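One chain is shown next in structure tokens, namely the form predicted alone.
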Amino acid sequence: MTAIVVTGLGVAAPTGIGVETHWSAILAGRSAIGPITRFDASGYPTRLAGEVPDFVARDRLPGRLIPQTDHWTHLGLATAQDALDDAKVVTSDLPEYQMAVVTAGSSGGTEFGQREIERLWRDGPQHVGAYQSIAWFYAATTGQISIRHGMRGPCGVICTEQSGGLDILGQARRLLRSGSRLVVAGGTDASLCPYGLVAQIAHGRLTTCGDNARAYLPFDADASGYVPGEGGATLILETAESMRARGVDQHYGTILGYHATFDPRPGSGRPPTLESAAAGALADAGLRPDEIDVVFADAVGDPALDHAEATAITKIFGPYGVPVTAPKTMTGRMYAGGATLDVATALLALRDQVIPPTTGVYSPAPRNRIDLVGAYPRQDRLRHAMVLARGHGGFNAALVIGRQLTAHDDQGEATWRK
């Protein structure tokens, strides 16, 4: 089977811009959750969020693109460029129809859309910009990345909310196995505007706690919902053969297994299917449960949903059978960007042999019976990690990644990124 490797990462998260900046903040347990500053949120029940700091679009993007696109696309374009640079990709050296782009979409360009709706209401239809027709659209980031970098291979967007950050990596693997040489796979989100926040509040899972240290406590006895966040990550995926053809022999890790499921309708009496997604990803990777060294949890922060996830984990790995972590307690829940950032963080954990912490959770709910990594990083021997994600509406996905190419891989050995 063709080995799929991750050769580049780009990160723009509340914990910082850049891979190592983000990783340093995560290992230090520095929460980036604080009062919303992108607009006046004083009249809203949720007033905390994780915002990407110090991101200036005009410093990262061509000036003509900025008024044509939403903040969410700005973050996607910036992380895509960083990931390509990290992977040492020279796009002009690769066939344009063998480079693909797939991104995760959730809320779309809500900030751009709100601005144009306000102009429509205040000034009339003649004042609505032509780019309103595309800037809000879920595929806008995919399109802008493909145009900017001359990538004319298969391009698409997957709209499964939080689980989309894993679904795009499953799709990227399919594209590579069917002839693409390189795939840019990214997930970002940026819905911190009045319109976007109201839409999030509507489903009732955002916390109303005003204490940033106690607001987002997944698996804790005092869990009361989650804090929203913005940002995400972009990954460069290639086959091992394509990587070496470019003269590169370093990578962050391998994509070993993926599986997705959809929950039955509410009231059906049938159980949720996250366990099936995790079991399917294990089977796809050809691994036993005891070969997974850490699970990066979806970690909604809702007591019932947390218990459902913990139950799925314990059914596969046994009670307290595998370390579980949720570093998103430091960034907030980032929808389309969250799971992709979790994968980037998991790859860094494999690289440095350390499990990042879950901050703020000091009273784990006893009924969950999971080995939750607490306030401090945990050194461990890490070979494989599983990342779990659930999207609002019933989507589930699980991804298994490995530290490096295995000795039995027919492409041979390669070293991981340092």
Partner chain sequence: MAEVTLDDLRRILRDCAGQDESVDLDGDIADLLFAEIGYDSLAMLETVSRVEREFGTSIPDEAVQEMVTPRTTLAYINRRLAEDTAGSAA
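Positions refer to the first chain, counted from 1. Fair warning: this is a prediction, and the values are worked out from it, not measured in the lab.
Same protein, other form: the form predicted together with the partner chain, not shown, and the subject of what follows.
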Between 288, 265, 127, 122, only one gets a heavy atom within 4.5 angstroms of the partner chain in the predicted complex; which residue is that? 127
Could you work out which of 97, 195, 320, 131 is the residue within 4.5 angstroms of the partner chain in the predicted complex, going by heavy atoms? 131
Mind telling me which stretch in 248-256, 308-316, 152-160, 133-141 gets its heavy atoms within 4.5 Å of the partner chain in the predicted complex? 133-141
Close approach of residue 62 to the partner chain in the predicted complex, 4.5 Å, heavy atom: yes
So in the predicted complex, is the partner chain close enough to residue 353 to count as touching (4.5 Å, heavy atoms)? no
Might residue 67 be said to contact the partner chain in the predicted complex, defining contact as any heavy atom within 4.5 Å? yes
